[in-house]
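Before any questions on binding or motion, here is one chain by itself as structure tokens, the form predicted alone.
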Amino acid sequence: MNDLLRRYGPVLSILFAALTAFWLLALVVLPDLYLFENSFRPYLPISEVGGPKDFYSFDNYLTFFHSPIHIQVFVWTIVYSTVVTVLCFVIAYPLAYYLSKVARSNLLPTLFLLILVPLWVSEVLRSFAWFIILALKGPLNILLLGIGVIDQPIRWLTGFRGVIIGLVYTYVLFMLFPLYNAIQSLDTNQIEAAEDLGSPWWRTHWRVILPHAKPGIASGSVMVFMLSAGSILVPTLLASTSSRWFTEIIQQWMFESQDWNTGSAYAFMLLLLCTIFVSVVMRLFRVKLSDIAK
């Protein structure tokens, strides 16, 4: 706060603090507290709300544990969100290393512009584009058949394949930029010293670059996993009947069944999962929350 006062003066500092407090309290904390309180109340007609039947219980949370299908969907959402996170890291790491240590500085603005262009298009349109690309008679199958990679068209939109492809495409940049920032801060002389001492390229990455990039890996993994687990648009458009996502069940409780109480309980279970994942990642990479925030 002292640094803020010294830089911007008392008026702007109070304005910044007030806007931050408004965002945290009015747009994050209060809605979440309202949902959390409702998750313990039963779903009742409006005329019975506040009556003798309106009492707090864990029935909404127990509904989840009494439904094997919902448990299965919950587990698959965790598993495939983790798969999406790993795939995003595998794609983003070499690209981040190239941009930060190999690419010429005068080419970086053009390369970043090419990377960011897809974000200018609405997520709805991008998901519809992937729906067309992955269709049985879509351009991807036509291309693979044309160059002889496959003998017959592949049904990409069965199982979780379409969802994984769509989520990786949508969220890979959330892994790329934290990795780029972390690798860019590494002194290039350390890499050159390792190479001069005879270290092969894989050992240089394993012993020098990856340890330095741990905060970026942790930050990117947290963002990609949380966004994937909480995504609703991509699974709705690219999933099949056998690949339901947990957020679709929350949406059904809230908007189709109009049971916001049970939907709130399911949403907080997903929030608990994401919190546990963040804690595990921080412990695994031995980073603090302040390192991730950088």
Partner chain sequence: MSQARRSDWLFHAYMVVFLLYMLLPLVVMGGAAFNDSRFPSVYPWVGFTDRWFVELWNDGRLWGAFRNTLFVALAVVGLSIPIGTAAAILINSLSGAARSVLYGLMVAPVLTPGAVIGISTLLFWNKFSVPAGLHLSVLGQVSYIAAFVMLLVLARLQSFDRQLEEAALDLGASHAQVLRRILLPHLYPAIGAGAAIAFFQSIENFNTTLFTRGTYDTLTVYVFSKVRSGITPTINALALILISVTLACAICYEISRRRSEKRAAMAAE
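In this text, all values refer to a predicted model and were calculated from it rather than measured experimentally. Rigid core: the largest C-alpha set superposing within 1.5 Å between the two forms. Residue numbers count along the first chain shown, from 1.
The form predicted together with the partner chain is left out here; the points below concern that form.
Among heavy atoms of Trp130, some come within 4.5 Å of the partner chain in the predicted bound form. In the predicted bound form, the partner chain sits within 4.5 Å of a heavy atom of Asn38. The partner chain in the predicted bound form is not approached by Gly148, whose heavy atoms all lie more than 4.5 angstroms from it.
Not displayed here, the partner chain is approached by Ala267 to within 4.5 Å at the level of heavy atoms in the predicted bound form. The listed set Pro31, Pro45, Gly50, Pro68 contains one residue whose heavy atoms approach the partner chain in the predicted bound form to within 4.5 Å, identified as Pro31.
Contact annotation for 85-109: residues with any non-hydrogen atom within 4.5 angstroms of the partner chain in the predicted bound form are Val90, Ile91, Pro94, Leu95, Tyr97, Tyr98, Leu99, Val102, Pro109, listed in sequence order.
Superposed on the core, the two forms barely differ at Ile69: its CA moves less than 2 Å between this form and the one not shown.
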